[in-house]
Ligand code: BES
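Read the single chain below, which is given as structure tokens and is the form predicted alone.
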Amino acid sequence: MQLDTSTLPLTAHSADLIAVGRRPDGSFTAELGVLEAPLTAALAQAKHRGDVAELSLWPTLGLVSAAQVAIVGVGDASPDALRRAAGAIGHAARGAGADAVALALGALDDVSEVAVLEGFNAGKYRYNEHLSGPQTAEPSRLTLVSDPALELAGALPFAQAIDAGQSLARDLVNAPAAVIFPESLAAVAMGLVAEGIEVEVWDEQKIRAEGMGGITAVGQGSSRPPRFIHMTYRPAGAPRKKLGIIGKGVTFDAGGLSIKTADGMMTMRCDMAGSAAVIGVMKAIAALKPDVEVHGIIGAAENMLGGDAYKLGDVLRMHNGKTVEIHNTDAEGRLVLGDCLSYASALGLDAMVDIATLTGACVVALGDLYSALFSHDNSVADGILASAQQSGELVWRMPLEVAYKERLKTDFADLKNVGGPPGGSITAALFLSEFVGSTPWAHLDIAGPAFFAKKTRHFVSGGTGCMVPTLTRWILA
């Protein structure tokens, strides 16, 4: 998409859609000339209040050269409010088939510029790979209108990198499980080699030989063998720090022998959203080239019900030597992540974060808008929370209460893979903590916001690319 800036009046642009913000006091973020009086009257009739992302679309009736005008509420005009407002415009522009859009949301600082571009890009996204017939194309040109002129030299590269990474993550989550499975997910990661990322992929024999009992067990019930993926970005000079991001890559989760219901399986192609976010972040990092060494690690497997499927009562030996008794084969993501975290803990990282659609209990606790953050390390947790706030992603820190480890005890192994329904997201995080060694670590449970069943805010239904903006900022901080 071509991006331009302009100081011309908004109504002078020959765009398919012109868009302007409206504040709660009824004022607009740009002059509307001949459109202002009729729009003010129409908005009053429609009871448009200027709430954040509240959108109203109107024909211009030939009064200006643009075909349509969109009014969007900007609320307090904070960066997050502007991100959501721009997202609503991006969504409306794609829906209207607008090729050229001129957008005036007032004078923007560097942070707000990035927020506007992030929001617009996320709003215009669609996944149409399997739809027949003509589809509306995304806008090919966006003009940001402001007086004084906007300076986008710093904002544009970052916003473009986030867009590329987040859109890739969304594509991976939205693709059917017949398209994205462990081998094909590894092939996508291998595609980043051309962008300067080192990639190593282990097949099922290597995974077993390396003692990764969790990934091996989860993947053995499928005709699609598991894969372990290690991506590395190395800066040109000495790295300022070394960080790891570890993603759960369960490309389809039928629940194993603890089988899910049909409804429960319907969107389980999204159970690899953590791994999609890791690949998306690595793509963004490849473009931004920070002075940070970054390791992206993924355990990829399908959790199916074949004759070799792992069973209740099985005892697995994990990568770090600990043993796990299986009490629920549908608690598989923590087994995959346990091996990955053990591997990552030996890399000499300054900090690492795992990201996973791990528990339904997290959705019960926080709903579908919030990700849960667990960590014993305040520095890592504070850094992620700050990056999430800058990204407009909602993250809530949850307790990692060590007393609950009692619920993971069993007579037949070092621990079991479930701790019972109460505090289920906490006991899952405590399970993971058994595999992190001494590396400062945090766990992000994105079971809620990774995939929306219907349009939510400016995100269409499907994958959201959740945490790509946050983790990219965390790495750059």
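Counting begins at 1, following the sequence as shown. Here the structure is a predicted model, which means the values were calculated and not measured.
FYI, the form predicted together with the ligand isn't displayed, but the following is about it.
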Check: Just one of 276-284, 248-256, 235-243, 95-103 has heavy atoms within 4.5 Å of the ligand in the predicted complex; which?
Finding: 248-256
Item checked: Interface residue in the predicted complex among Asp339, Glu302, Asp354, Asp271, criterion: non-hydrogen atom within 4.5 angstroms of the ligand -> Asp271
Checklist line | One residue of Leu373, Ala331, Ala88, Ala189 in contact with the ligand, assessed in the predicted complex (non-hydrogen atom, 4.5 angstroms) | finding: Ala331
Check: So in the predicted complex, does any heavy atom of Gly383 sit within 4.5 Å of the ligand?
Finding: no
Check: Does Arg141 reach the ligand in the predicted complex if we count a contact as any heavy atom within 4.5 Å?
Finding: no
Checklist line | Contact test in the predicted complex: Thr359 vs the ligand, heavy atoms, 4.5 Å | finding: yes
Check: So, in the predicted complex, is Lys405 in contact with the ligand at a 4.5 angstroms heavy atom limit?
Finding: no
